[in-house]
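Just one chain follows, in the form predicted alone, and it is written as structure tokens.
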């Protein structure tokens, strides 16, 4: 049996390990466009802020491929899949055949649409190579512009502040982390960022970059200009699937997969940030582009490729982040639509920097957000994943000592 895995991230690595555990004699080829060993992508922001060295990023030993008898094809990107012939073609025109295939290519940074994007010192922050390029530029940089108020934008701004740069964050929405939190939490986070010395401009986007060879300023949507000698684009990501034959493999936002993570083509599977699987709280297909789900999907896909029948139960979005003096946790559906009968319970204590929000559908917890006092987040996640009906009195939100574990019977 010949297995091919496209993608050298956590989903591809976990799939390869699972396949090898279940099929000792199989041929496994792993194709990745990076040459750096498998590494922790969420940790690259710590390399930027100086708290971690690049040498600490790898998640597997240097003997990973040899120990598992994996054929690595690194520094190479797949350009086409012929599902009828079961052949992969890379950008250097080399072909690889397969019996079973996993697409685990993750996501690519979403480009910014503006004039002058080809100027030097305009970076993305998605890979270890991106971080190296940013760090190389730091000695000659004094002012930085960060585009985007999401997780990547925040991590970039935090890292550059720690490096001693003057940083401005440009956010199109009205508050930071608008895809992860609600307005109440967003305003609390905004106040914390401003207090830390970060300049934040909301409701504004960039129209053009200017400079001679290197970026020197940005022209904004309000006709103002902003000096900067470095730009980091953190405008989100899009599934990396340009090479996928859409006339064969069904795609919506990502690659549609069933409960075994198989695509609409037999023996072709998808996992990680490129796969659109069922979201437990939304009750429909969704991409929750988070590290633990990519790892879990890789294991399930690998087991099914090796002939097992393992069901993927679905994902729950979740994020935990430190925003200066605030601990922020989001679980599940934090900002529910208005027209589906959701019940929302929320309580903010701005003086103590605390906020709790619970979202229910038919007495089942489907979302939670905590600012500070996040130690019970694991219990809330379990309640969401197991869809346990609950009755929670309003006073619970005002009681920081309430033990949510009592609700699990």
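Every value quoted in this text rests on a predicted model; they were computed, and no experiment measured them. Positions refer to the first chain, counted from 1.
Not on display, but discussed next: the form predicted together with a small molecule.
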Of 148-156, 202-210, 181-189, 168-176, the segment with heavy atoms within 4.5 Å of the small molecule in the model of the complex is residues 148-156
So in the model of the complex, does residue 294 come within 4.5 Å of the small molecule, heavy atom to heavy atom?
-> yes
Verify the contact flag for residue 248: yes if a non-hydrogen atom of it lies within 4.5 Å of a non-hydrogen atom of the small molecule in the model of the complex, no if not.
-> no
Closest heavy atom of residue 78 to the small molecule in the model of the complex, within 4.5 Å or not?
-> yes
Please check if residue 126 has a heavy atom lying within 4.5 Å of any heavy atom of the small molecule in the model of the complex.
-> yes
Answer option from 143, 196, 319, 264, heavy atom within 4.5 Å of the small molecule in the model of the complex | 319
Only hit among 34, 49, 349, 27 for heavy atom within 4.5 Å of the small molecule in the model of the complex is 34
